[in-house]
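So this first bit is one chain, no partners, the form predicted on its own, shown in structure tokens.
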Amino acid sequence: MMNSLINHHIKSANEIISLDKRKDTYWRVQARQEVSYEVILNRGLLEPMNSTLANTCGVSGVKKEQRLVVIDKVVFDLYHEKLNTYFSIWNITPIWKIISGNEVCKIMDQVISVVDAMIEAGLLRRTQAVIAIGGGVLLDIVGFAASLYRRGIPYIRIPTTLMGQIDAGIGIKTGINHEYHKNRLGTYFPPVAALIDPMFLKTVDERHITNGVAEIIKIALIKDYKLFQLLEQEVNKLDAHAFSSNNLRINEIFSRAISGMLEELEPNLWEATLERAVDYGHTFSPSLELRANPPLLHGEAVAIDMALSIGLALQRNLITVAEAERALNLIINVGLPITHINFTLDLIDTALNDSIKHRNGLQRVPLTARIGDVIFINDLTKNELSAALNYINFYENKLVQQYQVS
């Protein structure tokens, strides 16, 4: 809904004529746009009698409808039979657009290819929502394309990775990479709904499960100590089987992660406030992720950033040595890295300067203040960055030596 107010001084033809004699003319346009979308946790989304997806698409199954379905190639290979069965039962004719969901494909050319598919499908502007099925990269691409095509058409997100289900797929941001900059081009464009089905995770490889766990750890460190404790207790069970099964403790981890993320996003969807707790682990990681060789997944780069942030918090006495070691051990024990050969002081310093530009001239670096709380810092020095980097390198080397001895 758009409520607009236009203040002006034109009331008659005589006044219009008199405008030529005025030195200036002034109008103010004020508008507010309501944002409402659903995040629905629904197991068995593709079961034939499950009406959730059909209802979200606005179809009843009585008459034949067509929908553009943009899907990750890997996901299509795994699920096309179930999808075809579901669409057939609900009288939906899918128009398939199959693309790669790899990070290297998160570029403008891919966005344009999706826009071309929208044009070829001849979509109605308001009622034929595009269905996006895949990981965070694909959801970003489709969301960006949907925000551009006819200045905005509806789309539905169905994230199929853990990262997508607890982070990338439940907000309103879209984005693609440009040159050496992560998500440099993008928009804020909410989906009609994000449909979360943990059963997709049973076909996700363990590295990508661990990749998503990094963002769960982030939420735990900056706002949810109970979630941190649960992760510690279940650290050896955070795998594809556990997340896709109906395990009560894993379900609590899953729900707390989504709730925590949405609690942070909802009051600040357009990032009017640049001090964002969910930027924890995202100050230095964007630069590392695009430059890492060997390559890193997003959550792996975030984990390394979080490790450095733990070192910085320790130096400032925001956390104790015991808390720092608990946090680092959790990151390591789930199978995430805390260092990388390309994570040098020069890269860290460059990344901080880039973040300062993104955050409008201030560092606004979120650090843990006790596990489960956050504070923002604006006066980090290069010496502090160097000391924190030395700390995490030393900590990792110490663990390696202990492992070799044992």
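One-based numbering along the sequence shown. Quick caveat: nothing in here was measured; it's all calculated off a predicted structure.
One more form of this protein, predicted together with a small molecule, exists but is not displayed; see below.
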query: Every residue in G281, E300 and L336 with a non-hydrogen atom within 4.5 Å of the small molecule in the model of the complex?
result: no
task: Report the stretch among 86-94, 143-151, 130-138, 234-242 that approaches the small molecule in the model of the complex to within 4.5 Å, counting heavy atoms only.
output: 130-138
- request: Please pick, from P191, G311, P286, G101, the one residue with any non-hydrogen atom lying within 4.5 angstroms of the small molecule in the model of the complex.
  value: G101
Among the candidates V74, L328, A117, L230, the residue which, in the model of the complex, approaches the small molecule to within 4.5 Å (heavy atoms): V74
message: Can you tell me whether K173 touches the small molecule? I mean in the model of the complex, with a 4.5 angstroms heavy atom cut-off.
response: yes
query: If you check in the model of the complex, is H208 within 4.5 Å of the small molecule, heavy atoms only?
result: yes
- prompt: Taking heavy atoms and a 4.5 Å cut-off, does D167 contact the small molecule in the model of the complex?
  reply: yes
- request: Could you confirm whether R256 comes within 4.5 Å of the small molecule in the model of the complex, counting heavy atoms only?
  value: no
